[in-house]
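Next comes just one chain, in structure tokens: the form predicted on its own.
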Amino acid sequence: MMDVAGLIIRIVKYLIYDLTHMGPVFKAVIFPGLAFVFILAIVLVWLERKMAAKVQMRIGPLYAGGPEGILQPIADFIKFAFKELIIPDQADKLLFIALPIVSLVVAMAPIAFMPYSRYMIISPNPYGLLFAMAFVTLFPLIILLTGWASNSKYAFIGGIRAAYQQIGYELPMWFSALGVALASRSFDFVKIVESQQPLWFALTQPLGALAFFIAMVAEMGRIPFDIPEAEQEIAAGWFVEYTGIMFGIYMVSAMLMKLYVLSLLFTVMYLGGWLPGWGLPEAWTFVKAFIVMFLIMFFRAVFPRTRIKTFVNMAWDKLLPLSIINLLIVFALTFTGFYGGVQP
């Protein structure tokens, strides 16, 4: 058994390390890029549905084929691909068509800067954290534009609610991220991960980790913060006018890509990324990110939707002060030498 396990590890290392000598094209197309992300999206759709069904004592996907209905997401994609595309007469047609594609690009862009290991990065950049956070910040603006371009009251209300999210929850996210950058003295993701040895930033900055985690769940628009789409109130909100493949693209970019990207971002910033690093470092990163994704998906099964008042007050009255306090504590600890002292 040990020989078989060793052989499997050697094969995986060959696939990951030797084939990546082909350059950034392999990383962008195969792993950790497009092919890996889309396969993961299929698995996440199925897993979320089955997990929520089990918690709520339902069956979930079952009859579309494969074990336990694993082919249901593929069946859904085929359905979206062949459905009629309907563009409202009063919509801004150019924006209406372009925004789903833009949303997919913006949602996936941060993956280029986030590492699975020291060498498994599509596009290494010393300012990777800033670029990733900038793309995350853009997405609520796309939602607002989508609501406006649809020329629908329900869609526009959903877009306005997304603007509430952006204004309220991105400040705690940025302040928490500044705490990480200050402690590691870098915006480079590789240096941020290496600064978390021997202690993860989730342990040395628990207030920042908590504020960032709650803010990123709100940024995704996931339950209990799915105010912009609230199906019972505004009939799916900002993307209510979309049909067919454009609706499918929005589902992938807004629901799944953001879940994956922000979970990976949280893993790299607060959970030590690929540390401890022995064996397959990429496996450590993926397992940690998968646990974060599973926890966020679990919220869908157990939490009700929050009210707008509660939603906004939490951002300004609780998370913003918490993130500022965390930043002050990190500054004090850095100055006293806990994170290596101040630089000359």
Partner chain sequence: MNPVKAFIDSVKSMIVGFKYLFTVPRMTLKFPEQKMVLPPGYRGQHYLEMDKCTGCSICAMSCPPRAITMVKRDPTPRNKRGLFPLINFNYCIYCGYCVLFCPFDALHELDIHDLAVYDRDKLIHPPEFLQKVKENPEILYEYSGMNVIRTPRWKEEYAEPVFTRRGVKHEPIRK
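Residue numbers count along the first chain shown, from 1. It should be emphasised that the depicted structure is a prediction, and the values quoted were computed from it without experimental measurement.
Separately, the form predicted in complex with its partner chain exists; it is not shown, and the next lines address it.
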query	finding
Check all three, Met51, Ile59 and Leu62, heavy atom within 4.5 Å of its partner chain in the predicted bound form	yes
Its partner chain: the contacting residue among Trp316, Phe26, Phe36, Phe303 in the predicted bound form [heavy atom, 4.5 Å]	Phe303
In the predicted bound form, the residue from Val55, Val43, Leu275, Val287 that sits within 4.5 Å of its partner chain by heavy atoms	Val55
Leu295: touches its partner chain in the predicted bound form, heavy atom cutoff 4.5 angstroms	yes
